[in-house]
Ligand SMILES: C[S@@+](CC[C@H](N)C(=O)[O-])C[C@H]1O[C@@H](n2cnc3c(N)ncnc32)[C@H](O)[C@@H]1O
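Before any questions on how it binds or moves, here is one chain, the form predicted alone, in structure tokens.
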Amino acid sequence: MYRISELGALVGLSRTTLLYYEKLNLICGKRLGNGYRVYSDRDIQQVRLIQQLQSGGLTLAECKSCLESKLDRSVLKSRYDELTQEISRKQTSLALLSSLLGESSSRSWHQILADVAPDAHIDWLKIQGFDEKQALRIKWLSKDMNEHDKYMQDFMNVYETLESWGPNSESDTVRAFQTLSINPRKILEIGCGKGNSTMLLARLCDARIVATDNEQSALDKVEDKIKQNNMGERVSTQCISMTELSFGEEKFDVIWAEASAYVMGIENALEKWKSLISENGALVFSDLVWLTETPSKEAIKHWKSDYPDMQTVDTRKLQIEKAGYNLQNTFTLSEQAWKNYYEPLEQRLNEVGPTLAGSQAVTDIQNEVALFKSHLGEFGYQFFIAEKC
């Protein structure tokens, strides 16, 4: 026979819990003449049986039911389903903690944040010690803050010798420029890359051009072209993020942004850049859009990861009008613009790919090239020429 304190020590439960068990008639103590309650070996076994049932996630009431009658399979199935869901949630939590600790990839988590909380995502990355340039590249390129440096090293290794960092063609740029209803005197180019459009714009007009990008190595190439073409008096560069443009009271007749506005979000760009445009000035930008209402699963999966805010042309038109612009013209970039970009890129991949085996950056670029070959036409770059109201 065991006193309640001895029973509690044997089964690891408090006196209060055991008295509650007794109240539910799960155990049955006997009171001795001296007033002490004592319990038998059978009570110990009963408590241990209850503990085993509870280890399956059953409540005390459900354990009591199991002891007093045959098993209720519906109750067990309900508890089983609840535990399965809880385990799944715990596994998700464990995977996230593992990725944040750098023990596994954090790509999927960053991809989700880029879709559901893009601005908060960037702000959080800055708190973690990344500057804005790095944060934006984690969002759009590496998608993994733990492997970011290695990813960007491989990425730049591929792109360093390429003249174009995105689909473009002179004929498309000329077509967009000729659509303008004004003869610009000052142009701000945002995301100029290595300056292909910069030099073409300088040849198309006499405007003063400020070409901006956040990649100094690209701007160095632009500077070389400026010197070679003796355009130093009209064309200048500035290494700055498109989200932190600061020109005081200066206004520009045209803001030109080929394949770059997506970095800060089209709607954000439409709003933020408007204050930099002079009266009756224009914003000219190109953006990746869906060209069909029924894209393939492969295309959806790819761009859901790489560009979650990708929209149809009609949606972009509505956003432009809502932001206070009159859309003057819009057209889809030619297939040649894509070839100008992807054919040299594929050749470069063939050159450096063998030395970068296993590189996530190379894998991502190869997947994009493959998608271009098989699904171009479902998506494409679209030029938008919008006049400020």
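Don't overthink the numbering: it's just position in the shown sequence, from 1. Computed from a predicted structure; not experimentally measured.
We do not show the form predicted in complex with the named molecule, though everything after this point is about it.
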With a 4.5 Å heavy atom cut-off to the named molecule in the model of the complex, the contacting stretch among 96 to 104, 210 to 218, 291 to 299, 75 to 83 is 210 to 218
Triple contact flag L188, C205 and I385 to the named molecule in the model of the complex, non-hydrogen atom at 4.5 angstroms:
no
(Q) At 4.5 Å between heavy atoms, is M152 in contact with the named molecule in the model of the complex? (A) no
- prompt: Closest heavy atom of N268 to the named molecule in the model of the complex, within 4.5 Å or not?
  reply: no
* Asked: Just to confirm, G166 within 4.5 Å of the named molecule in the model of the complex by heavy atoms?
  -> yes
> Would S260 count as touching the named molecule in the model of the complex under a 4.5 Å heavy atom rule?
Replying inline: yes
In the model of the complex, the residue from I277, L201, M242, V222 with a non-hydrogen atom within 4.5 Å of the named molecule is M242
Note: exactly one of I255, L113, M310, L136 sits with a heavy atom within 4.5 Å of the named molecule in the model of the complex, namely L136
